[in-house]
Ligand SMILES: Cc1cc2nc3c(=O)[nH]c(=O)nc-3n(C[C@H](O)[C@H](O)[C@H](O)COP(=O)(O)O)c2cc1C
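The chain below stands alone, shown as structure tokens; this is the form predicted on its own.
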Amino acid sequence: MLRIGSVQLETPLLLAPIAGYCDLAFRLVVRRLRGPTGLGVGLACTDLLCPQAILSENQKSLWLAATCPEDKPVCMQLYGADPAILAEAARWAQAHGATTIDINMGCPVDKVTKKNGGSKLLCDPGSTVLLAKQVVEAVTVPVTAKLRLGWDDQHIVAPDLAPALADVGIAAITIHGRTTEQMFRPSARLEGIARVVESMRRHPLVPVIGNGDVKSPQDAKRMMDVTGCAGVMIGRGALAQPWIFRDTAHYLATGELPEPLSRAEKARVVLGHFESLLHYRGERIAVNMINQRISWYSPHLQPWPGLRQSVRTIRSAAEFRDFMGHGIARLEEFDAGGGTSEPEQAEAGTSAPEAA
């Protein structure tokens, strides 16, 4: 269990705010995946949100911030460097359903840092603490912060910044185990996360959540064991396998891995993601997005030759449903022992799931 201020989470597992991926349709897919223990993701985050855009109610930003009753508890993440605008955006987020609000202090991409947001905030810790204080005072829901170790190896600020943020009311710290300069390589530094955990000893009610390179239940447990962090945030590892929270929650609770989803069940997850996109975004966007996301899912549906190529030729919801329905049926037949070899090429120009 993990508690963030007044919010008690079901599990210590969080879905990271990944730009371009963690929309409402995907969050609902993740939330519906539960293991034998009935456990899954504890908190899911929106895409990172531009304060000015949501305050002006820009259409794209409103979709990025969209939530619904089933999408709880949800964290809305804001980025920027203007304390007054961030505070106003935090009030907007609370009014529009945020369970918690996160200040992005870790995004390393130029689009964000060139506006002095994201991990650029690590370069002026004093001003960043004052910014956080203003946001905390603007709302009644818990405010958290997601940071990196520092801008580069010469400026490792997280062990000092994290407790300073807790001093002004930040309710949880998520720490990605790399510097801005490192982007996403090499491996995340567990020892760096452990230093932040140690620095927070005088704030026992403010949990530290580890982030970086968690691609399996074993990775999550290792991060918690090695660093002492209270929870784990999973980002890129969830894009290809949204069931990772299902499996990890069960593993942390029991010490054993659950029975893995079959290929047919994983294919149903993909179809469910498409149906969620279709419901919230409409046919054109749903088809375009599943065409992009299939490359993430494909490795976990193999063997299935030609899967990505076939999906990328699909232009309608009916085509995608027919394609996946045929494939799921063939997978179920094969898994039930109805054939001595993988399913053959489907008719009418589509591929049935078989060896990749």
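We number the residues from 1 along the sequence you see. Not measured: the values here are computed from a predicted model.
Only in words, not in the display: the form predicted in complex with this ligand, which the text now covers.
Met233 is the sole member of Leu277, Met233, Ala171, Ala249 with a non-hydrogen atom within 4.5 Å of this ligand in the model of the complex.
A heavy atom within 4.5 Å of this ligand in the model of the complex is found for exactly one of Thr128, Asn104, Gln94, Thr179: Asn104. Although the partner is absent from this view, Ile18 contacts this ligand in the model of the complex, with a non-hydrogen atom inside 4.5 angstroms. In the model of the complex, this ligand lies farther than 4.5 Å from every heavy atom of Thr144. With a 4.5 Å cutoff on heavy atoms, Leu43 does not count as touching this ligand in the model of the complex; it lies far away.
Contact between Gly212 and this ligand in the model of the complex is found at the 4.5 Å heavy atom cutoff. With the partner omitted here, the stretch from 132-140, 261-269, 233-241, 151-159 that lies within 4.5 Å of this ligand by heavy atoms in the model of the complex is 233-241. Applying a 4.5 Å heavy atom cutoff to this ligand in the model of the complex picks out Gln77 as the lone residue from 69-98.
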